[in-house]
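To begin, one chain is listed below as structure tokens, in the form predicted alone.
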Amino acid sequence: MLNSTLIGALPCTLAAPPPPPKMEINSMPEALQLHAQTLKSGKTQQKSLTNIFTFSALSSNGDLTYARLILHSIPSPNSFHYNTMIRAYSRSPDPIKALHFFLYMARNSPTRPDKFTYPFVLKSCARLGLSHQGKQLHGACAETGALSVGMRVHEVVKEQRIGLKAHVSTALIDMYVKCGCIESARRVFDEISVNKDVYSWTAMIAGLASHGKCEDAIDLFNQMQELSIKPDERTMTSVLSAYRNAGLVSEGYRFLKTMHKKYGVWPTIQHYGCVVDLLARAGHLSDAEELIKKMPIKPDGVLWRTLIWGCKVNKDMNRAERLIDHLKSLKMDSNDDCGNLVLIGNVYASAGKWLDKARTRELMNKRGLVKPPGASKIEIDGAVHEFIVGDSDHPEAEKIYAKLDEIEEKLREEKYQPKLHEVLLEVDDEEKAFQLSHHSEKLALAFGLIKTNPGTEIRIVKNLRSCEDCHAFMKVISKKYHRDIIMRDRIRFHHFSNGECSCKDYW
């Protein structure tokens, strides 16, 4: 349930570019004023322009668009300037532009990529591998998706033996994990012959946990201990995620209780969140609630929401409604309002309290809150295609829906029954079945079946948690069409093969 305790929290130590000249700029108005003075002087001042550029690109109150303008005015931009732009875009809302700069640097610029370039390029690939927003990739990357670029970067890394650097190897592991290639991530990890640091171990442990290889993740942590490598907070989060994803309740709870004494790491709210989620999923709702009340850290709305979700899954509606009243009494951050209200509405719908759900929806409308639609992305021949629930805008929509009709016919042969309870709307069963059949990941899958050769692996990224019906659907399709399907939802990765899922139906 807590996305921050999963893949999003993967550590990745990135090497910074060489330090820029000392900056004496504190705001964009100052940067603009200095730039104006430089232009008026009529002299090319590389140092001043670099100062303005660096502040605009990297400062929290800078302006990336302006940084690009400055970059074009610098007479002889060097690797520091390009690496700075790649670094800035890798952490921006638009990481695809980091790849634009990388491709320009690799193909057209007299300045070639160096050891400081690759970690931020790989970070951008990793972020795009998980990205849930944006349309098809444009510009310099129109021919390629994040994984394709990441693999090309890996080839260059191997050619230049940059992979021997621990921070680059960790970035490669992170990229492959987030793009769904856990085997490739493990190969990179195993190839680090010496000086594996805590970040590399943690990235690999977290990756294994998120891909359902929880026992392997725990074994790797034990190997790390045998080598006397001191874990950090993120390592603990990764191990707890493994216990949580495997449903190992007593082991995960014991690990939390002994963390500080055994490993010298004080539990944080992320660690408590993992265990609350573990207890709630397993139906230990009273224990989860007691843990929240007794933990030494003030609980936030996310923790309570995790427990409420567990109540919904385990059909303890009395507890869920009591906790909803408590959640409503909290002063919620505006960023949490939408998630809280969507969950509350879903709990009411599950209990058949349609009037209460309608009131919740009305409150969302008054606050201008909109639940994001389900969206799924699939990469075909290097191009990334995105579908939303009920999408009819795709150029090949007619073929996609025809393929879905074919799939549904095959499912009927298998006596597959849609999970109608997943549709939390007051409509008849026929409409519920129609709603389920148009979920975004099903559209992406149908497109993948059309566009790829038989036996080819299909990879899908979804922005929301996969519903029970779509999960069961993917299992059946993997067997019926003899396809391996890798789907990443908001929680974790699911590897479907021959009618089974790596999560063992526990997610």
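Given the structure is predicted, the values throughout are model-derived calculations rather than measurements. Rigid core (definition): largest C-alpha set, two forms, superposition within 1.5 Å. Residue numbers run from 1 along the displayed sequence.
Not on display, but discussed next: the form predicted together with the DNA.
- Site annotation in the model of the complex: the residue of 319, 91, 353, 403 reaching within 4.5 Å of the DNA with a heavy atom is 91.
- Screening 216, 408, 251, 114 for any heavy atom within 4.5 Å of the DNA in the model of the complex leaves a single hit, 114.
- The chain is drawn here without the DNA; in the model of the complex, the stretch among 284 to 292, 344 to 352, 380 to 388, 304 to 312 whose residues come within 4.5 Å of it by any heavy atom is 304 to 312.
- Looking at the DNA in the model of the complex, residues 199, 270 and 274 each place a heavy atom within 4.5 Å of it.
- A residue is said to contact a partner when one of its heavy atoms sits within 4.5 Å of a partner heavy atom; residue 102 fails this definition for the DNA in the model of the complex, lying far away.
- Taking the partner from the other structure, the DNA in the model of the complex has no heavy atom within 4.5 Å of any heavy atom of residue 482.
- Interface membership of residue 376, defined by any non-hydrogen atom within 4.5 Å of the DNA in the model of the complex, is ruled out.
- Among residues of the shown chain, residue 203 is one whose heavy atoms approach the DNA to within 4.5 Å in the model of the complex.
- Taking a 4.5 Å heavy atom cutoff to the DNA in the model of the complex, the contacting residues in 210 to 233 are 232, 233.
- Core-superposed comparison between the shown form and the other one: the C-alpha position of residue 105 differs by no less than 2 Å.
- Superposition on the rigid core between the shown form and the other one places the CA atom of residue 51 2 Å or more away from its counterpart.
- Relative to the superposed core, residue 201 undergoes a C-alpha shift smaller than 2 Å between the shown form and the other one.
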